[in-house]
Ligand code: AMP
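Shown here is one chain on its own, the form predicted alone, set out as structure tokens.
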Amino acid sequence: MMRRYKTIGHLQNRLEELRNEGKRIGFVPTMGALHMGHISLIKNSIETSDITICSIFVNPTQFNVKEDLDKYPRTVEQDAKVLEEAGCDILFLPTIDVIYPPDEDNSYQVDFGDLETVMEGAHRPGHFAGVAQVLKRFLSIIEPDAMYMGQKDYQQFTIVRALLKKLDSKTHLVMGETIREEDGLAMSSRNVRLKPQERSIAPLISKTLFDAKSKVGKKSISEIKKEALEQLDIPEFTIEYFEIADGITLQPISSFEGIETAVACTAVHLGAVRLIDNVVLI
């Protein structure tokens, strides 16, 4: 049976018992409204760790638009049922005061350099600072052996990898592949906010990314980007960016020559919903 914890002390007491038994702890941080993408991370943790802990915490410090925070879906009981059915061992449900005690300074300033100045960082100022702040807090509480995060938030994954290095953390970061609907749309908690007509249009995002991948080696990066932007240029979309970047530094590239890995990333607004997706090109 999955155990639930809301306080740090009780959770840490249980984790200490498990570590004394030699158990390897896997951690999946989430903001709830769980879908199969999250569950794939849970299953990955179950396969490679002895104990899997999932957190559900809608972190206010990573929202740069209050409306997004207010509208973020909160479905804790439904999420808990899904997690228990998936085999999760522990659900951590902290309140804001638990994560950010009002009598403690939990601010955290870290310079990620060029990693946070492009794509998401350029359009969501302060977002990655909030991500770093909450994950530093969770890591200090849980001290997991491994943490599992999805490829859909590729830039976030890269930022978190840099965070672990800056913290000299022993936690191993594991990337889970993007889980998609049958029509190709990347699973996201935001998808439930799409109106039916918008939902039918949304798969154009992934189609454009996979079309870009099919052109690697046949067309130049500038041509691939130009054609992708043309595909996404429909009245229903407001394009924030479509970028082809070095998969490690996240900096835009003009050629694949000498590049170890490259990724195509995009963000578009569809109605009131902002959607992101990416595909690794090489």
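For clarity, every value in this text was computed on a predicted model and none was experimentally measured. Numbering starts at 1 and follows the sequence shown.
Not on display, but discussed next: the form predicted together with the ligand.
- Interface residue among Ile179, Leu204, Ile99, Leu115, judged by heavy atoms within 4.5 Å of the ligand in the predicted bound form: Ile179.
- Between the ligand and the residues Asp79, Glu120, Asp153, Asp89, the one pair within 4.5 Å by heavy atoms in the predicted bound form involves Asp153.
- The candidate site formed by Lys215, Lys225 and Ala228 is entirely out of contact with the ligand in the predicted bound form, as no residue has a non-hydrogen atom within 4.5 angstroms of it.
- The stretch among 235 to 243, 28 to 36, 215 to 223, 252 to 260 whose residues place heavy atoms within 4.5 Å of the ligand in the predicted bound form is 28 to 36.
- With a 4.5 Å cutoff on heavy atoms, Ile53 does not count as touching the ligand in the predicted bound form; it lies far away.
- Interface residue remark: Tyr72 is counted as part of the site for the ligand in the predicted bound form, having a heavy atom within 4.5 Å.
- Among heavy atoms of Ala162, none comes within 4.5 Å of the ligand in the predicted bound form.
- For Met149, a non-hydrogen atom is located within 4.5 Å of the ligand in the predicted bound form, even though that partner is not displayed.
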